[in-house]
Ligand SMILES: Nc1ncnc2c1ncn2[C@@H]1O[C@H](COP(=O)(O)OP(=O)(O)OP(=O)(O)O)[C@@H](O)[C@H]1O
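The form predicted on its own is given below as one chain in structure tokens.
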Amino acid sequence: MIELRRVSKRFGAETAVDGISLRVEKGELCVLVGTSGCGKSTTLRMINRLLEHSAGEIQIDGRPVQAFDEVQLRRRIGYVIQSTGLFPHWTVARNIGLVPTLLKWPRARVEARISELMALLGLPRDTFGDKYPDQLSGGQAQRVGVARALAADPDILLMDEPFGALDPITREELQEQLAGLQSRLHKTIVFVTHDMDEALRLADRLVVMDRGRIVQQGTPLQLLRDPASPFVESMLGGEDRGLKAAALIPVSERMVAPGAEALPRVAVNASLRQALALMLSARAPRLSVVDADGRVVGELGLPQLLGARAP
């Protein structure tokens, strides 16, 4: 869906992005992560031509981005930023309907799409449709920004630090909502963040950048298990990498056949990190694993949590 080949971006004598190559597959959620000034936001903005690249080639669906009219290109790519970019003098409904209206969708189709997205993002139109951005909480405004980006049903969504200004609880709620949306919509998403926990939680592909270059990319578990350099290891949390990896592995991957003993219970879709927390709080070396109906379907002990295989 998106491919960058030896792409660079220079601002005068300064090189912000230095010869990077990256392929983002259709339906993949790719997260660019790194310290401030590493080039991740610049990379994102070159994809929809908010910034023109200085060298190399960027393709979407096998076509160079320069082959697209830049206005039409941006209208077919959803774009979400930290400050939402909502028009303050427009209602929530009008903000969401912006791009479909510019694309000259029939009015009835625009209205139906606005209502559909507001319901999908937990913002009932009867309650929120006629509100203005300054009447919303930060989390609600960010949901409207996501709805607006999705309004024309784009194949590609670019998200630049979209949850960076939110409090931790709201941020976690929106991360969960985005993960749920992606499991249903299967958009191709490039997401920029400096928060490694957010990156690990959301990414199919994790791309670590430093000083304008990609220093490692792969699945979150691949990077956690085998960081390519001390810098990547530090970005991933150093000695906490094991706990971060445990947060990505479901109990179902490690459980063994259940025994007859009554034990503290953990959900089958919980993470190993959650299971470890329960073991510590209950002072229990083993847990019963239960399904959504509360039926015992397995057992997890410390040997399995640590990676031992069932005999």
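Throughout, we count residues from 1 along the sequence that is shown. All values reported here derive from a predicted model rather than from experimental measurement.
Below, we refer to the form predicted together with this ligand, which is not included among the displayed structures.
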Study note, to complete from the structure: Answer key, this ligand contact in the model of the complex at 4.5 Å (heavy atoms) among C38, I47, L29, M255: the residue is C38
Revision key, fill the gap. Picking from D155, E173, E111, E161, the single residue whose non-hydrogen atoms come within 4.5 angstroms of this ligand in the model of the complex is E161
Review point. Even though this ligand is not shown here, does A16 get within 4.5 Å of it in the model of the complex, heavy atoms only?
Key: yes
**Study point:** T42 within 4.5 Å of this ligand in the model of the complex, heavy atoms
**Key:** yes
Check your understanding: Would H194 count as a contact of this ligand in the model of the complex, using a 4.5 angstroms cut-off between non-hydrogen atoms?
Key -> yes
Practice item. Tell me the stretch among 6-14, 284-292, 20-28, 299-307 that has any heavy atom within 4.5 angstroms of this ligand in the model of the complex. Key: 6-14
